[in-house]
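Presented below, as structure tokens, is a lone chain in the form predicted alone.
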């Protein structure tokens, strides 16, 4: 199925971001960021034509609308998350303003990654609404709203009710929910630690600027040692200034971790949907059992459990045979409908579990591969930073040796 993925047919990029001003739904002026999505057919490049890409602008809120649509219509899929709307887990010297150019640039990369993730998924990549999102600028929002997906969305109260009242939860999904909670907790902690390390590194690098200033001032009063001190001070100044670019680069690695922080919620969404389906199934089975018992009681004339109906019969007399036959007939019809409904819900539940588990296995492979790569890249960057520090002090040592 991977060969049919949209990502194999078209190249997708979010090439630039632009700050704009306009009117919102309340007719109030607002400032927002729009992102330019470019798509180009892969076939045109292989044939050497390289036609110009098709392009359109989308707001972040439109990306949110698309993802909400996918969540509702593909509840068994671990839908890729969007990048954060406002910066979280940042080191304190970095701006958390969602209009900051560096943050907007990182979000642009995250939105491009989101589109590529969806286009690479064997199922949701084939969705017509997603394709229209990439290719149809005008009227897209009306098109997605016309699908009525909001009416299919499960309420939070219903989901919470199902969580506490399901009698026979599937252990695999219960374990998966616990895993997603732990994954989110671990990555949150890791990002907080990383932010503290970034603060400390920033301080260490910037303090080297003080070395540079002191060596420079010292060189002014030393004739024989002056050149060596001046050169050592220059190395320290360059080292101190390099930290800004390094930590900005590090934020991109942090964004890779944040993607899986948000993926944890996507996993829980699949678990919640399964709980809702299991709850509906159990309620349907319970209702069917109750109707069968009522039918049996009417047919035999015995009441097994205390009920208002039983007390009423004793106080005001029994029903006529015609009335009882009529009620039995209605109940038998309801029982037949209930059995068909239960059968349908069982089939739907089995198909959901089969589809969801296949997608969860796909997600696990992707997660293991991506996090391994991100952590290796982060370690390589840290090693590179340490080597840079060693090189600076090696250069300073040579400067001192020449004095």
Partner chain sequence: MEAESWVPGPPLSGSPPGGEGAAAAAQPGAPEELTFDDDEEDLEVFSKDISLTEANSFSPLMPTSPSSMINQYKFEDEPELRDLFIIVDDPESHITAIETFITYRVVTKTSRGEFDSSEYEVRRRYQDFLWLKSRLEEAHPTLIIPPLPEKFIMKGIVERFSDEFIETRRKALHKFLNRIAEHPTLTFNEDFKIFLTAQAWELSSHKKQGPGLFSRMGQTVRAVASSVRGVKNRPDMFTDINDYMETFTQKINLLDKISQRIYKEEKGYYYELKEYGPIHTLWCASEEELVDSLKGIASCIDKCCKATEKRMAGLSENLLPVLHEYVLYSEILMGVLKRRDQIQAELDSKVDALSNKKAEKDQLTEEIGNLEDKVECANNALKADWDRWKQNMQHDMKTAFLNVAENNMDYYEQCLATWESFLTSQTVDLHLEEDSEDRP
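Residue numbers count along the first chain shown, from 1. What you see is a predicted model, and the numbers here were worked out from it, not measured in a lab.
What comes next is about the form predicted in complex with the partner chain, which does not appear here.
In the predicted bound form, at least one heavy atom of residue 367 sits within 4.5 Å of a heavy atom of the partner chain. Of the heavy atoms in residue 13, none are within 4.5 Å of the partner chain in the predicted bound form. When contacts are judged by a 4.5 Å heavy atom cut-off, residue 292 does not count as touching the partner chain in the predicted bound form. Contact check for residue 107: no non-hydrogen atom falls within 4.5 Å of the partner chain in the predicted bound form.
The listed set 371, 36, 42, 358 contains one residue whose heavy atoms approach the partner chain in the predicted bound form to within 4.5 Å, identified as 371. Contact with the partner chain in the predicted bound form, judged by any heavy atom within 4.5 Å, is made by just one of 332, 265, 217, 325: 217. Taking the partner from elsewhere, every residue among 204, 221 and 225 has a non-hydrogen atom within 4.5 angstroms of the partner chain in the predicted bound form. Listed stretches are 128 to 136, 163 to 171, 109 to 117, 230 to 238; the contact stretch with the partner chain in the predicted bound form is 230 to 238, by a heavy atom cutoff of 4.5 Å. Using a 4.5 Å cut-off on any heavy atom, the residues of 169 to 196 that reach the partner chain in the predicted bound form are, in sequence order, 179, 182, 183, 186, 187, 189, 190, 193, 194, 196.
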